[in-house]
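In structure tokens, one chain follows: the form predicted alone.
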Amino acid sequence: MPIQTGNPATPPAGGAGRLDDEARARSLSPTMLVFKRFVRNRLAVVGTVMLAAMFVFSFVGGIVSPYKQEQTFYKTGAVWKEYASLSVNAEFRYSVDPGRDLPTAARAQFILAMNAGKPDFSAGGLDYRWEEIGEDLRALYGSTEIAVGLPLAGAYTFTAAPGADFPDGLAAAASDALGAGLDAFEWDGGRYALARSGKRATVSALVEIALASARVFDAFTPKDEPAVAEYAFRRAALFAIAGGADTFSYDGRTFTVGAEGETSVVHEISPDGERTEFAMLSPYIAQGVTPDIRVTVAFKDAILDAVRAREGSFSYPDPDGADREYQLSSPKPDTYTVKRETLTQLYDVEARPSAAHWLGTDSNGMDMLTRLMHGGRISLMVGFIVVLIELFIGVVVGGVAGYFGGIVDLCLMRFIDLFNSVPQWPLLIIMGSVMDTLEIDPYARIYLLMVVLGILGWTGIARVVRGQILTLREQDFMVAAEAAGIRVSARIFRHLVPNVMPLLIVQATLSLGGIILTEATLSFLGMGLKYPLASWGTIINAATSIYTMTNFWYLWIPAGMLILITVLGFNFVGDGLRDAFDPKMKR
């Protein structure tokens, strides 16, 4: 038989320069062998690319994005904003004489006395009296007792109160008024009240303090507003209307008053006889929503015309002469709200995709693409941290149960069975409601959510670890470790668990997708993350109505696609790792 000479490393003739499969398997390290098996799986490679893209999108994209996660965008637009209001005045409005005072307590007692039909009332240690001047006009007086009278020989004899001046002429006038059965009289320009109590009579001097009327005064022009607000002008106008007079005088000026339906219009008569609109008295209160809005009489008339015509809108010219549209509504009886279109800054909510916002904006006016990037960080972070918590608890419980067996194994496995019998979803929903009630900070809420999900999901890993260790603990290397005197914790966590690690990696990878789906579902139900933080689940929560789903696809489809890609990626990688770690895999 010929002997081969030459360099043994030289490949034999015929080009057979490659190792066969058996030689290659022997020459490769276990890690390289797993890697070779993994990359042969095309779906595993696709899953790896998908996950890499998601990580770059979430962690790198959030850094390079020109916007912040909580940045809100605005736009200028026209909205119907409340401008003014009109209401029917159902209460008395008081005009108080300058230098006098009518405290709130006195006003309240006046209403009570008027409802009870009593002309006299007291408040704050002072006496008052009211008189009806007209249908909706009452005069309020301060009352001071000045004399007491007793009948004597058919007439009254009066005794003046201490410090009061009670001349003979006033005494005679009071006696005549008592004889005529009057309860008030006038003398020498003053007004006096009479009160009887048995045979005793008292005389009180009345000083006009205020007028109470349901009518509202409005000046036609701003320059006339100070005069219209004067007590003397209002008194003259109200007494003229109550007395049916057509004219009255004030401050040397002449005015006419005429009724126009339920309102009265006051005109000023100039020396040459020219009539000028001066004030309007009506039972309506019209005012702007802010102090800088002045509701003119003409605008008030336009509102009243629309109210009487039962119209929902009306036009009124602006100061520049251009007509402007107003909307009229009645939120409650006898109350009307006037709105007009106003240019203002608005949240740029649900904006369509554009060059500035590639995926539009959400319902809070935030950039959707940036929210998706930062939401991906939270979704992925939740998945990995929950898996780590599950692995820690599962490895410890499963390792102890598998190694010791017997009663320890029995107790731990029954505990796992009991733990699995607790319904997790109702528990998670209750937990979310409790956090809502306690108003937990959104950042603290993330960590609580991760801890709860980790505590609820470790049982599957514990069963896998326990099953594997039950088999491995009888192997020769474990017998050698026990003979060498290695402590129990080292045998479990340095010799047994590393042999289970390939299976744990597969289990963890396959669990990541499910955890992300769980977090997304909780956030979609409103039990997960809270504003202003975002996850893909909270973002997809926008799709809660048919209108949103059909008209604003960019609010929910991108988040749904990212969840789909991520979960598929983890599943593909998990399947690839399972096949790669399987020594019986066909090569």
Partner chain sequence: MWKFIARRALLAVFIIVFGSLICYAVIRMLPSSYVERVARQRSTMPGSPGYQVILAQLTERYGMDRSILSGFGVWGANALRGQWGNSWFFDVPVTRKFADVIGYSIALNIITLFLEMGLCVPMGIAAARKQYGRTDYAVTVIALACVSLPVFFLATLLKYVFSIKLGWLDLYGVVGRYYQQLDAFGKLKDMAVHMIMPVATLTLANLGGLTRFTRTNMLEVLNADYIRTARAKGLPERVVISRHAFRNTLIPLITYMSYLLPGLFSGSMITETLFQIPGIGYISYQAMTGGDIPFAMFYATFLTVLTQVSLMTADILYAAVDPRVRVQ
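Keep in mind the model is a prediction, meaning the values are calculated, not measured. Positions refer to the first chain, counted from 1.
Another form, the form predicted in complex with its partner chain, is not on view; read the next lines as being about it.
Participant: Could you check which residue among 155, 356, 486, 430 gets a heavy atom within 4.5 Å of its partner chain in the predicted complex?
Facilitator: Answer to the contact question: 430.
Participant: Tell me, which of 308, 352, 414, 223 has a heavy atom within 4.5 angstroms of its partner chain in the predicted complex?
Facilitator: Filtering the options by heavy-atom distance leaves 414.
Participant: Please name which of the stretches 464-472, 309-317, 272-280, 175-183 has residues with heavy atoms lying within 4.5 Å of its partner chain in the predicted complex.
Facilitator: Among the candidates, contact is made by 464-472.
Participant: If you check in the predicted complex, is residue 510 within 4.5 Å of its partner chain, heavy atoms only?
Facilitator: Flag for residue 510 set to yes.
Participant: Report yes if any heavy atom of residue 493 sits within 4.5 Å of a heavy atom of its partner chain in the predicted complex; otherwise report no.
Facilitator: No, residue 493 stays farther than 4.5 Å from its partner chain in the predicted complex.
Participant: Looking in the predicted complex, any heavy atom of residue 69 within 4.5 Å of its partner chain?
Facilitator: Residue 69: no contact with its partner chain in the predicted complex.
Participant: Counting only non-hydrogen atoms and a 4.5 angstroms cut-off, does residue 543 reach its partner chain in the predicted complex?
Facilitator: Yes - in the predicted complex, heavy atoms of residue 543 and its partner chain come within 4.5 Å of each other.
Participant: For a quick check, can you give me the residues of 561-576 that have a heavy atom within 4.5 Å of its partner chain in the predicted complex?
Facilitator: Residues within 4.5 Å: 563, 564, 567, 568, 571, 572, 575.
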